[in-house]
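Take a look at this one chain, the form predicted alone, written out in structure tokens.
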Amino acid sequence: MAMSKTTNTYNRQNWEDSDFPILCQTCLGDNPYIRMTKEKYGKECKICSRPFTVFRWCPGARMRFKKTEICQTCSKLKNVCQTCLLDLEYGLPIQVRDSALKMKDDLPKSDVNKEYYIQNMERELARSDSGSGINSKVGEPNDLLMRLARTAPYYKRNRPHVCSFWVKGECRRGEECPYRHEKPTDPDDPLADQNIKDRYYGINDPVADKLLKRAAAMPALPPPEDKTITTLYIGNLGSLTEQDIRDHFYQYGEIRSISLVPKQQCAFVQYTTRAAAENAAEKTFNKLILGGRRLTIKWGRSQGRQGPSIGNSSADIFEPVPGLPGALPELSNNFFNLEPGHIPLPNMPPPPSLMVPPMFGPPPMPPFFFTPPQASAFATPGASSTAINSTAASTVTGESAIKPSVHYPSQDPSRLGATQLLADRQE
């Protein structure tokens, strides 16, 4: 039930008067020097219908003027901004915060009960310092809220509204128009229809529904089944050093080693215990920002699974693919002293360059029709003929005793160039 400032002044002592509003950084704007207008009991609170002090200001250049929408008592009850009704700690809608912290809204909805409840809560807030006893759960850390929370103010929310005359093609102000000359959003979009009371009570908030669906689709980092893995992969390091990584990750547990790979801009942090590694992965996954860069967190791989193990009898045996050659034979002639596990070589004789050719006898001597130059001139003809006959006999005996195998092409009787050997064999 709304109360006028002129009539029904019996409850005027409960009207709110304040010196400065409760605002978030986004609503204040990026300008550290702003001017505000203060109007005492200027409007009624849109939640409890009590008159309160209204503040109005411009958050920056080319931004629209903003003003407080709810009183400070309602703002302290929910720990929200008086203008945008977003949580002061995380910058999220009330419905998202309450669902993450599992808080129940016990604020009455009827006018009489609401006025009585607000008066009682206002007395408690006056006795306490800053309302810490009212919503103590708001300050508790929560993984979902940390992932959805904004890390910087979103000043785009302070832009002017769309010019309705420009949409109809009737705006004549041009660049001097304080409103945006842009195409409006789809009227069927659920984000275009927002009720301030629904947002405050945390029901039927389209923005909160969108954020909750985004949170459900967010990737997770489950720990690996191998309990021996205590290593985390840290990616997208940029110019971060090993000391920067150590200074941040030591808070989760004792670090055994840090391996930095500058070429890949990544590092591997190994903890002494599995519990410390799981704690670090849970606290840093998808929300760690160091040096202005969002780091990529993954679990490291087990060293036993990085490569195929040799001699693993428990490995799965698969059927051979038809059409492919069979397995290579085992290594039998280990000429190069290769270690076990090398590529096996086929069972084949060594190359000709590594074989020692057999020792052949002297080639047959052709019959001489003249005295050799090295023979003595004083030798008798009988002696010379006897020597020649003995040499020829020894040659024939040597040929019959040693029958060399064909090794070089010139030794093959069927090839050109071996006519002399063929003639000798025919004789």
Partner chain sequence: MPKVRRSKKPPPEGWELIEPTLDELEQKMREAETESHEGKRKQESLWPIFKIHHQKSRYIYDLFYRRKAISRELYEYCLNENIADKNLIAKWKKQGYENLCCLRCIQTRDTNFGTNCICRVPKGKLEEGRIVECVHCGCRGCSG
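Note that the structure is predicted; figures quoted are calculated from it, not measured. Numbering follows the first chain given and starts at 1.
Just so you know, the form predicted together with the partner chain exists too; it's not on screen, but the next bit is about it.
- Residues placing heavy atoms within 4.5 Å of the partner chain in the model of the complex fall in a single listed stretch, namely 169-177, out of 209-217, 169-177, 148-156, 258-266.
- Contact check for K67: no non-hydrogen atom falls within 4.5 Å of the partner chain in the model of the complex.
- Of the heavy atoms in K43, none are within 4.5 Å of the partner chain in the model of the complex.
- Scanning 41-62 for heavy atoms within 4.5 Å of the partner chain in the model of the complex gives R56, A61, R62 in sequence order.
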